[in-house]
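Here you get one chain, nothing else, as structure tokens; it is the form predicted alone.
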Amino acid sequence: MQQGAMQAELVTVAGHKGDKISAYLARPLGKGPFPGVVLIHHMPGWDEWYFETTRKFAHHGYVAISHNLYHRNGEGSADDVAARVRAEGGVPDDQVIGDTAGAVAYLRGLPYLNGKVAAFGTCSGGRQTYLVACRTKVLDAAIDCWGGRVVMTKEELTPKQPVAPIEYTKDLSIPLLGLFGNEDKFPTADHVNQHEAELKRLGKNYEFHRYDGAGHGFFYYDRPMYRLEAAQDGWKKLFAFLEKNLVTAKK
């Protein structure tokens, strides 16, 4: 098999309450077995960056799937659909958890999976990754990249987001990686401090890495927020984390 050879396609997964939703799957060619990664996309939507990043994980030897959390909100450009979702106050946390559990189940049904699956998410997807990690037992590891609204005030709670994710920290039972920019306003450095303090207080298996001179979305190479050195180091730490927890960890 030629290094980097892969297959990518659109598939359908059974999401929350059995709803059929679209997803983008990319995998290395070969028999495997390969570890799996579920990508929970950000508020800008199920967009080109997430399709590219799904293929990036496949290039590095992972079966990767990015499910469309906005499938129920109609068709159109990623920007237009995301605008509709924002106008509706986002998607319900329970729905995201159900959709993500469905994407994990799809991966676990593939014959070339090694039995290990992690979740990766940025921005709102980072927050949602943390929710799935705490509220389900379907994952083996989780990666939260600058997820805002993990720490929430009572005034920020909504019917769709009724509980701050930090309140579920006691239920976290898998390794967690967090990557954050110290210039970020969402989450602020203080919010990251609060999150880390709760993880530490409860004795959780986690590692946080924080970058000076970087703000929100410092992986996004197509936007002014991109920070080359922080992104390169973040990806290095991310793949080391996955190798440790999905490849060399005992089954």
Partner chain sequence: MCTSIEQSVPMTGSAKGAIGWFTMTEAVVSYDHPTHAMLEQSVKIDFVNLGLPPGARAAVEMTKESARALAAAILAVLRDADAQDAYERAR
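Positions refer to the first chain, counted from 1. Given the structure is predicted, the values throughout are model-derived calculations rather than measurements.
Keep in mind that the form predicted together with the partner chain is not shown, yet the notes after this line are about it.
By the criterion of a heavy atom within 4.5 Å, residue 159 is excluded from the residues contacting the partner chain in the predicted complex. Contact between residue 167 and the partner chain in the predicted complex is not found at the 4.5 Å heavy atom cutoff. Among residues of the shown chain, residue 43 is one whose heavy atoms approach the partner chain to within 4.5 Å in the predicted complex. The partner chain is not shown here, but in the predicted complex it comes within 4.5 Å of a heavy atom of residue 148. Partner proximity in the predicted complex, defined as non-hydrogen atoms within 4.5 angstroms of the partner chain, places exactly one of 118 to 126, 100 to 108, 131 to 139, 173 to 181 at the interface: 118 to 126. Contact with the partner chain in the predicted complex, defined as a heavy atom within 4.5 Å, is made by all three of 81, 186 and 222.
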